[in-house]
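So this first bit is one chain, no partners, the form predicted alone, shown in structure tokens.
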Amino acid sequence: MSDKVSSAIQKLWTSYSKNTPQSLQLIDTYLVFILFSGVFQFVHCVLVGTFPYNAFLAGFISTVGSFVLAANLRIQTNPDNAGEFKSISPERAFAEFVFCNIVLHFFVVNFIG
């Protein structure tokens, strides 16, 4: 059973490394980082407590919002989805990602107080 699982994981990783463009791999790395950051914040909240509750909410909202925006960037810049986003170039998608992140973090900083 474990040989089948390790073989499947190795085949998946090889296919991902070979067939996925480097720009999408970079976005995937960012998504994994944001995911672990949100998990770490939640575990910290459960173990330590929520004394500065606004700080926890602002941080968690920041990670969730950043994850959603990065997932949207990945979808828009994926060459397989080029037919659905004909009018959006990868440069425009990245500019929208940056602008939306600035707006998101402006509200996050204001929420902290």
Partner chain sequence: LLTSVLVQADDFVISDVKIAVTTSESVRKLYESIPYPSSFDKPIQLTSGDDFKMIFVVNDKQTQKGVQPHQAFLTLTSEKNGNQIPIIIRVRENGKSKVELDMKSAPDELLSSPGNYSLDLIIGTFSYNDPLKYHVGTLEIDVPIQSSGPSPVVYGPKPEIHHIFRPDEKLPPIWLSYSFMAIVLIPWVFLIGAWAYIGVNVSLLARAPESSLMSILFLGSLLAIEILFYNYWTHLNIFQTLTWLTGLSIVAFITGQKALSDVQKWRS
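Remember, predicted model here, so these are calculated numbers, not experimental data. Residue numbers count along the first chain shown, from 1.
We do not show the form predicted in complex with the partner chain, though everything after this point is about it.
Taking the partner from elsewhere, every residue among L26, F33 and N110 has a non-hydrogen atom within 4.5 angstroms of the partner chain in the predicted bound form. Although the partner is absent here, S37 sits close enough that one of its heavy atoms falls within 4.5 Å of the partner chain in the predicted bound form.
In the predicted bound form, the partner chain sits within 4.5 Å of a heavy atom of Q41.
Contact annotation: I102 falls within 4.5 Å of the partner chain in the predicted bound form, judged by heavy atom distances. Residue contact with the partner chain in the predicted bound form: Q22 places a heavy atom within 4.5 Å of it.
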